[in-house]
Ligand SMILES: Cc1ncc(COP(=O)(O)O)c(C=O)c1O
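What follows is one chain in structure tokens, specifically the form predicted alone.
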């Protein structure tokens, strides 16, 4: 059990933070799935980070708590960020800006694998406009970070005070949101009188994975963090996650070190490319919906849950293992992927 949550709390308190969640998100058991013989007696639980109310919910709100705190401390009046066309981070940045009376500029890049009408006009894209964001759709080949630099210069020339949110909200400062979440999970586990052998997350821009690992490390907990890469290759994701986790720990406690072998990344579920549907993802999304009535997205959660199912079916975990899957939200993406599910 963790023995230094107060240390983690004190370290996090040094950074400005704006509350965007309604409180701790629940941990729920997947009772029907856990009873399936094919899952070999493993006990599956979900951390419901899809149940964050603002903007349709999702894990990016935890990162935005610290990023918005930083932006407001600097006197910003405009939030700028970029991502893929169906970016959950862009949607929630727009929602946070609307809630706090800030302007929002979203830079969205086209997908290499999907060009159908549902993907281009439904899901998160629809919601970005509803939240009042100004959307810049880039042509293929235009670099979003370079475009953002030019946009920031233009905004400053207009007398505005822009603040740039990083891709996925996954800067070391943004990743503090999941260091805080690690403390939340460890306290919930104590209240449930149980230990989670492993916490399973999708790994895209690596902020969720890095934050959780930094948090459990600083708290002295033995729980392992496993990330299923959905964006980069396994090797690239592992390298990024290690570097980012160490950067988060530098913010929290410079004396805390992290061994290379602490990074656990599995690239088996990525598929051909970021956002490309896979048969395993489609099966995992359908299984979670049909057995538990829960919806997970096709880009992040669906692939990570497919990885968890494959590992449990292979017998990678002993019977009775308590495994916690972080549901990171992104449900609007399901509507953008309608054709993939037909």
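Residue numbers count along the first chain shown, from 1. Because the structure is predicted, anything quoted here is derived from the model rather than measured.
There is another form of this protein, the form predicted in complex with the named molecule, and it is not shown here; the text below is about that form.
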Quiz prompt | Stretch in contact, per heavy atom within 4.5 angstroms of the named molecule in the model of the complex, of 182-190, 93-101, 205-213, 108-116 | solution = 205-213
Practice problem: Answer for residue 328 alone: is it within 4.5 Å of the named molecule in the model of the complex, judged on heavy atom distances? | Solution: yes
Quiz item: Looking in the model of the complex, any heavy atom of residue 63 within 4.5 Å of the named molecule?
Solution: yes
Exercise. Find out whether any non-hydrogen atom of residue 81 is located within 4.5 angstroms of the named molecule in the model of the complex, and reply yes or no.
Key: no
Quiz item: Is there a non-hydrogen atom of residue 170 within 4.5 angstroms of a non-hydrogen atom of the named molecule in the model of the complex?
Solution: yes
Quiz item: Though the partner is not shown here, which residues of 235-269 have a heavy atom within 4.5 Å of the named molecule in the model of the complex?
Solution: none
